[in-house]
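Heads up, the chain shows up twice below as structure tokens, two forms, tagged structure 1 and structure 2.
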Structure 1
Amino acid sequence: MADLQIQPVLAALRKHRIATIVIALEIALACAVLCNACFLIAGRVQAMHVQSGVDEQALGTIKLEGFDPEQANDLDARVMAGLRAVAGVQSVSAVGAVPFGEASVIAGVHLDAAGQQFGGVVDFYVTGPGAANAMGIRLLSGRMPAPDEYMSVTQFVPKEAPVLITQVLAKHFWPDENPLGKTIWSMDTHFRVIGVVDHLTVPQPGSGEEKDADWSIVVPAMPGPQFAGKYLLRANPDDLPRVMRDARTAALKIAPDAVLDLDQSRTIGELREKFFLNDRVMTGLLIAVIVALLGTTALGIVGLASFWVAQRRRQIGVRRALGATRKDVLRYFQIENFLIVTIGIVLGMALAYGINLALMNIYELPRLPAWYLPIGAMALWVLGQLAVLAPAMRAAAVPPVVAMRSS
């Protein structure tokens, strides 16, 4: 029985350099795109499944704009009273921002008064009385703000206010320390930590600076000219769609002197869907690109293998006549294909990192984790073996006499 070794396979590939190089380059491109596309898809999917930390199914927001700031207090009083009268509304609170809505107050914080210990850039949720409880955020330690701790906003936030921070921020600021009672400095004032919550995503997770989605701080504040026009409604999840429709209608009647922002006057669930729409579209496009590229690569491998089978019918017949089994012929083409795919994968890994470096520089994406490369390589090895299987089986099925006569 003839032994099919790698040496004759390499010799055959050297005789078909151009075809081998073309397929190897196609596989290299597929490897590079596959690794980076899968990395981008994983990032999008992870972002879309971020924990908001609030009771999304029971919350909605109403936003008014275009009113006279000097009438803000009167507007808030009229609108909140009117919204509370809507059937099914459990609570109404003033808020500065909600998850998946418009951007909140964003500022850098320091852990010392001298400004030497920079803690990072975080999002501040300015919330009116009852808003933190209405959100449904889970308190891990400490306490919620007391009624007398809600103070007026001076510029962006109240001065020297007590705050709630997320568990992620607590560990980031003070590893292995109790964060309760600690002080942070930002926006020409300081804040004292009175409570730690489990999760609370920033209003726009995944956009802007690369940071954890839970880099959020809750600041209690009284509504006023600089903090008015946006309201958080809580209702039974089953009633929420109807409550939101009635609330929008009521807001238009209560405040004809203001403009209802329909884009932001939605349930939190709807805001999530809208916020991640582009991510879902991008994920679909990337999946389509992967499928198309892998399909094209597989067809290229099938076409090349089929061509070589037709060209080598005499060679196959000779080997079969000398005692090569169908398994030997099948293994020959599989080894040949494995070597071509391996060459392409090696080139593709280098290209994958090159593409990732370009994406990092242009779009500020994170670095491609190394473990995506062996996964991409394994996928292409499997694809290559499956693609060459049909032509190789056809070659192995040709009887020696038929192969010799057809040459």
Structure 2
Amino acid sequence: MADLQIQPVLAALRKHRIATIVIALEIALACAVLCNACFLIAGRVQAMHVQSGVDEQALGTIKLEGFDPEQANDLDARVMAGLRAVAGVQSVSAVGAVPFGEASVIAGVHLDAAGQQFGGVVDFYVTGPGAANAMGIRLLSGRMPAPDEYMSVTQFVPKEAPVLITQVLAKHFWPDENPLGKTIWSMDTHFRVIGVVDHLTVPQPGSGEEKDADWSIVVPAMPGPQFAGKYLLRANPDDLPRVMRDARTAALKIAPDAVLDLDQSRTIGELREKFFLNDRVMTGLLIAVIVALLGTTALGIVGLASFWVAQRRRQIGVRRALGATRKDVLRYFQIENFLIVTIGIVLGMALAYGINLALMNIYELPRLPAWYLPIGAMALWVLGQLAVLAPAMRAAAVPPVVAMRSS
């Protein structure tokens, strides 16, 4: 029965060519924006859920600055002792960077001494004794640095240090080889890989030249003039907010001459929250755009369908008088809507790819996965059917007797 109706529907659409094209264009635009906005949202959500590789709920950091390198050892000793005395603190260790904190040592690395084979730009986590364990990074193979492997920092990092790298980085550097024992060259020195960890995000994932969030290297180092002022605290997660409050107060008291960086002296959770604030706002905005867009499109469909129903009341009456059931009339408008939305979707898919290409240029975004298109299409078909339901039901309610009345 439904198939038989396609012919008259097509004939009617041909008569209302302009309106049909306009509404189809609107749906095409909606489809294209919908697919790309969803893709962008997925990208942001994925970025926001980056695995830090550390025990975020149990960690916080205290950062002091504005002291002379000569005072560093003395300050370190005082601050670490003072922080350890804060009730609830399980461990205090020196760190150069924490996930979602400030960027620290970023450098290009080479895989050969001659500097011919470029490995990429990576982040170095300078970590004092105990810091790697306190972070809770998980070792997959190799070993943690031995106590005698913590050497003092000369320039950014200690010379010829043993390092831990992430498995992502290991695969990137040496796809088919065992990374343990390999050497990498950077910052006028070289490093030997002694262990591989499962995850450790760079401090500012997604905002630098690092090609993957996990492009981090852990370098053991002894605190000293060039490595001081930043401390990693570990505490029971339930206790952590209170511990951090007490730790900030303690740091102010212990080192009145230094300046406590209140923005950075936070729990890792808070730093993460702040780091992704912009992405959250952008995601909210994209969702708002999608809602507004679908709402507008639905209203457009309702408006036009209502108009068509009103315009065709007599014809509907005639059809009803000639024996068409209410269901036939309802079906008619549903099929009409389905055809228009389909035209829109076909146009929209091409447009979606066009927009994606433009975005790839601006954002270095990956290509829009093809499976977004059928989902976008489905969403618009459903939207169209829902929007046309009320006008179509009004049409179905037109009594046959209308045919006999003149307008």
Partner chain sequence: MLVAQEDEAAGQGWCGPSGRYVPHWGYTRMIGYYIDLALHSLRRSKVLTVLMILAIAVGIGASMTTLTIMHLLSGDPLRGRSGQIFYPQVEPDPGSKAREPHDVMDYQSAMDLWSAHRADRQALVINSRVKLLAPDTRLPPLMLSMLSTTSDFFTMFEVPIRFGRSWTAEDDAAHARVAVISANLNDRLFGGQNSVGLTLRLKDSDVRIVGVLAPWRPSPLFYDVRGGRFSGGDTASFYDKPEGVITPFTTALEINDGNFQPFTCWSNPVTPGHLQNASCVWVALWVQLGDATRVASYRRFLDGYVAQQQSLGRITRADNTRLRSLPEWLDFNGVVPGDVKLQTSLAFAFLAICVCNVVGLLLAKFLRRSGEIGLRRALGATRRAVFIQCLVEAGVIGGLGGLGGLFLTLFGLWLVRQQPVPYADFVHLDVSMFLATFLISIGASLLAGLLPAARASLVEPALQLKVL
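We call the rigid core the largest set of C-alpha positions that still match within 1.5 Å between the two forms. Structure 1's sequence is the ruler for residue numbers, which start at 1. Because the structure is predicted, anything quoted here is derived from the model rather than measured.
- Of the two forms shown, the form predicted together with the partner chain is structure 2.
- Hinge assignment between structure 1 and structure 2, with options Pro225, Lys171, Pro241, Asn278: the rigid parts meet at Asn278.
- This chain moves as two rigid pieces, and the smaller piece turns through 11° between structure 1 and structure 2.
- After superposition on the rigid core, the Cα atom of Gln311 is displaced by 3.0 Å between structure 1 and structure 2.
- The two forms line up on their rigid core, and Phe333 then has its Cα shifted by 4.1 Å between structure 1 and structure 2.
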